[in-house]
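Shown next as structure tokens: one chain only, the form predicted on its own.
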């Protein structure tokens, strides 16, 4: 099954907050490196600058944000933070989000992708290793780096195509959800 990653806009801020609030306390600690309560998460989501940073997401069939990566830009480097809802782990969502984030950063003249996480975050360590990142572990924390190749016509076209495909996937999921809702409201004709 293909995982379609979409660049998100300011309009999805409420869904983004909902995504983070659905994570367990342990998942939040692993994602942010510390424990955050709902109000701190709401402040984090409110401060995201959708114009300068990139937020990429994967929607499930119920139109829930199953996975999200926030790419923060600083000069010629970018840092990413990734989270996936429990029911969607182990299905390639994290790898797809990472690959799309790397492609997006590459196409914005970023030369180095950076990730900071707790060294006990096995899922992120796995994605980092699988993606060829160089990992430095020190006192329970890990920093991972990946040198990105320069953008080229294929990477630019690929990103544009991926975004269009993700938007089409979302449109199909929206129509399917609407049809499901209509069908459910009609009920069983034999009742």
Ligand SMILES: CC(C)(COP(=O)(O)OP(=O)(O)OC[C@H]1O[C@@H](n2cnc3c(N)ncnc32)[C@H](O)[C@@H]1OP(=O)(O)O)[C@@H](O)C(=O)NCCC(=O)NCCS
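Numbering follows the first chain given and starts at 1. Note that this is a predicted model, so its numbers are computed, not measured.
Heads up, the form predicted in complex with the named molecule isn't pictured, but that's what we're talking about next.
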Residue within 4.5 Å of the named molecule in the predicted complex by heavy atom, from 48, 123, 151, 41, is 123
Since only the chain is shown here, I'm wondering whether residue 105 would be in contact with the named molecule in the predicted complex (any heavy atom pair within 4.5 Å). no
Classify residue 164 as contacting or not contacting the named molecule in the predicted complex by the rule of any non-hydrogen atom within 4.5 angstroms, answering yes or no. no
Residue 27: touches the named molecule in the predicted complex, heavy atom cutoff 4.5 angstroms: yes
Using a 4.5 Å heavy atom cut-off, state whether residue 112 contacts the named molecule in the predicted complex. no
Can all three of 81, 84 and 94 be found with a heavy atom no more than 4.5 Å from the named molecule in the predicted complex? yes
Stretch in contact, per heavy atom within 4.5 angstroms of the named molecule in the predicted complex, of 137 to 145, 50 to 58, 123 to 131, 155 to 163: 123 to 131
